[in-house]
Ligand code: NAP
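Below you'll find only one chain, the form predicted on its own, shown as structure tokens.
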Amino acid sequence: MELPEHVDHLIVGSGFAGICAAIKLAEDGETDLVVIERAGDLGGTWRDNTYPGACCDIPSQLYSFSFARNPEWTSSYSPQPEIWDYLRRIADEYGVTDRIVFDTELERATWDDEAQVWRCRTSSGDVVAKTLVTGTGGLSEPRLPDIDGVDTFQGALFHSARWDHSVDLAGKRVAVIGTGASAIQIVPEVQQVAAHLDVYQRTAPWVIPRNDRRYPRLERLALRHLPALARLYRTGIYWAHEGYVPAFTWQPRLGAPAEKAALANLRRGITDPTLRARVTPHFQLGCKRVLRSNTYYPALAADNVDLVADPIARITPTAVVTVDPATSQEVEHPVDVIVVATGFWTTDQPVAERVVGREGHTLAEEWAGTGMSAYKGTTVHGFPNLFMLTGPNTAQGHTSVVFVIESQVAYLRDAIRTMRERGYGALEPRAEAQRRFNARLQRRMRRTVWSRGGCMSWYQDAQGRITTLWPRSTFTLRRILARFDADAYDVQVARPTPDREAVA
């Protein structure tokens, strides 16, 4: 598909969020839409993260659209290829693939208040849109570590989300920097092929058992032919995960059973008391993302693996150099390949630098100093007709983001229906409504384990403000997003336009 010059709805990104928005808007008759995707294929996070062992840490039955459940999952936790295949199949079945302009990146989107449109510059040309929907997500831009000398390394160096499959790790000395969600999946895979593996740990994570299992053929047949059974699976898993909410919000002591399970997992995986002590977390469970693995600890205990907890001083052309905090003595660790598993730009989303609002400044400038914020995680004062899917304070530490995406898309649909029915040309949340919403949210956030658990995490921005997570249950978020509340918005009646060229 070629990029049109004018469109009612421009959707940026073709992961779960962008695909969901395109499907549901089209179902409402909003067929004048286009999805732009900077890559050559759809899939977002599940297209990009192809590292060995890549797998979802949310149960499969919950990690799919409620309107397009997938009976073909092979196991209770889906591997990356299956999730990517699912997204491509659903996009084809619902006609979304034909609405995507690939290899097209949003470079700048500027609100034109007089014409009530977004004027968007992309790598494939310009497009004018009435509404701008961002589905770029918080895990789309890899974050490289700020380490002296990283550019001088002469071996292969790549981020986990940009895995270089041309590099053969067999028999190599490999370093994995980071011990987050991606790293604990990568380490067991690399350990099996590398001659030696160094794992660089800044903070030991909490790791609970994965409890994964493959679905036998009979069970998969039942899930395919008995929709009620699939709904029951999904409902049961959803409510089981919602049980974590009290532990992470108003009563962190309720996380004690999960903490015991994590410590038992550690004891089973590592028998050496010295190593076990080094990987025992020193913050409250839930403060950082709780990880799931049965193989991470045994991999750390393998003979060809060293856990390195001393801080990295610099990288040379052939080694990683650390410093012993007690003696200030430097230690050189020769290495052939460096895998960087240091996460993403979650609190400083790059798309914010490209969206210019009514007052002529970018989202990034709007949020500078105060951190990301939005009304109901979806709309922003000063940025009319902008809808952010997986926007500020909508991420989850315990359940599926797909549930949140569907909730936000429902709000988006009702907003657009309201605009059509009432003849609005532009709308944005009132400054006071947005301020009150976020003040309540941040008051609740102060009592959570994410704020009080004794850690620093990617949930927090540079000022320590948690701008990523939702501090209540997801069913509460769904209720809040169930109806578009026009009374919380400043609205403009649509101005007459003789023809589309008038706003070009």
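Quick note: we count residues from 1 along the sequence shown, nothing fancier. Fair warning: this is a prediction, and the values are worked out from it, not measured in the lab.
Below, we turn to the form predicted together with this ligand, even though it does not appear here.
Undergrad: Heavy atoms within 4.5 Å of this ligand in the model of the complex: which of the stretches 472-480, 442-450, 66-74, 47-55 has them?
TA: That would be 47-55.
Undergrad: Should the three residues Ser373, Phe387 and Thr468 be counted as contacting this ligand in the model of the complex, with contact defined as a heavy atom within 4.5 Å for each?
TA: No.
Undergrad: May I ask you to choose, among Arg253, His225, Arg213, Arg202, the residue with a heavy atom within 4.5 Å of this ligand in the model of the complex?
TA: None of the others qualify; the residue that does is Arg202.
Undergrad: Could you check which residue among Ala341, Leu106, Ala262, Val96 gets a heavy atom within 4.5 Å of this ligand in the model of the complex?
TA: Checking each option against this ligand in the model of the complex, the one that comes within 4.5 Å is Ala341.
Undergrad: Please run the contact check for Leu87 against this ligand in the model of the complex: heavy atoms, 4.5 angstroms, yes or no?
TA: Leu87: no contact with this ligand in the model of the complex.
Undergrad: Whether Leu307 contacts this ligand in the model of the complex should be assessed with a 4.5 Å heavy atom distance threshold; does it?
TA: Leu307: no contact with this ligand in the model of the complex.
Undergrad: Would you classify Ile270 as touching this ligand in the model of the complex, given a 4.5 Å non-hydrogen atom cut-off?
TA: Contact with this ligand, no.
Undergrad: Do Ala313 and this ligand share at least one heavy atom pair within 4.5 Å in the model of the complex?
TA: So Ala313 does not count as contacting this ligand.
Undergrad: Using a 4.5 Å cut-off on heavy atoms, what residues in 165-193 are near this ligand in the model of the complex?
TA: Going through 165-193 in order - heavy atoms within 4.5 Å of this ligand in the model of the complex - the hits are Ile177, Gly178, Thr179, Gly180, Ala181, Ser182, Ala183, Gln185.
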